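So this first bit is one chain, no partners, the form predicted on its own, shown in structure tokens.
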Amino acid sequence: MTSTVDALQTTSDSTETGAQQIRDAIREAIVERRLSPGTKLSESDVGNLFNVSRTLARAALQALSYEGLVSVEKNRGAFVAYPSPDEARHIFAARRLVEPGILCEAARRITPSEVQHLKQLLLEEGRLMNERGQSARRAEIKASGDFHLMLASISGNLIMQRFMEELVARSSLVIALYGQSSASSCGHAEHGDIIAAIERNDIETACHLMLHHISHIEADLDLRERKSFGLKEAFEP
């Protein structure tokens, strides 16, 4: 009896781990904007890509739907989510509420080596900004998001760290849809100012800079409601 329970537990753990690895890989592709909003994610295609069963692919897609990164539609399948302007505003409102608290806790716990790690992220981000091409642009976007995720990791709060992973990924979707310029990838100089304030132990200024930084990203989005046209109207001069 015990061996049967152990075997079932092992199978369950293996399934959960496999689904999590697929989920993390797809989330990373969304963050880097290699997967655009509206992209179809069929269970069979995901299964073939990762060489797993459709059951495992379905579990990964379902987990992503809980995070708001994938939309599952009846009789149509799964798609990379296509956030509305209101959802976009809610995502950045959540960031303004959450990130100053994360920053305060991170600043209280941060070590000199972690400060250096943040500075290395900043150097990498700056290097990528000067390179051209889609691959460099994707890497820059990832480095920019990693700055925020590193602060969440330093805070020591695993729940907030997971929450920030979702917020960064959902922000990437919003930026891909509504962003108007390279400012959307996060202000490189603003990251440097935040690190400098943390080093001075000026937490109040660091939090103010973080709020300004998030508002700066949101201000670069075009969230105006657009009138929907019919097929004939859409092609009229």
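The structure presented is a predicted model; accordingly, all values stated were derived computationally and were not measured. In this text, residue numbers run from 1 along the sequence as written.
In what follows, reference is made to the form predicted in complex with the DNA, a form of this protein that is not presented.
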Among 30 to 38, 54 to 62, 206 to 214, 172 to 180, the region lying within 4.5 Å of the DNA in the model of the complex by heavy atom distance: 54 to 62
Contact test in the model of the complex: residue 43 vs the DNA, heavy atoms, 4.5 Å: yes
4.5 Å heavy atom contact, residue 85 to the DNA in the model of the complex: no
Partner proximity in the model of the complex: residue 126 to the DNA, non-hydrogen atom cutoff 4.5 Å: no
Contact flag, residue 76 vs the DNA in the model of the complex, heavy atom cut 4.5 Å: yes
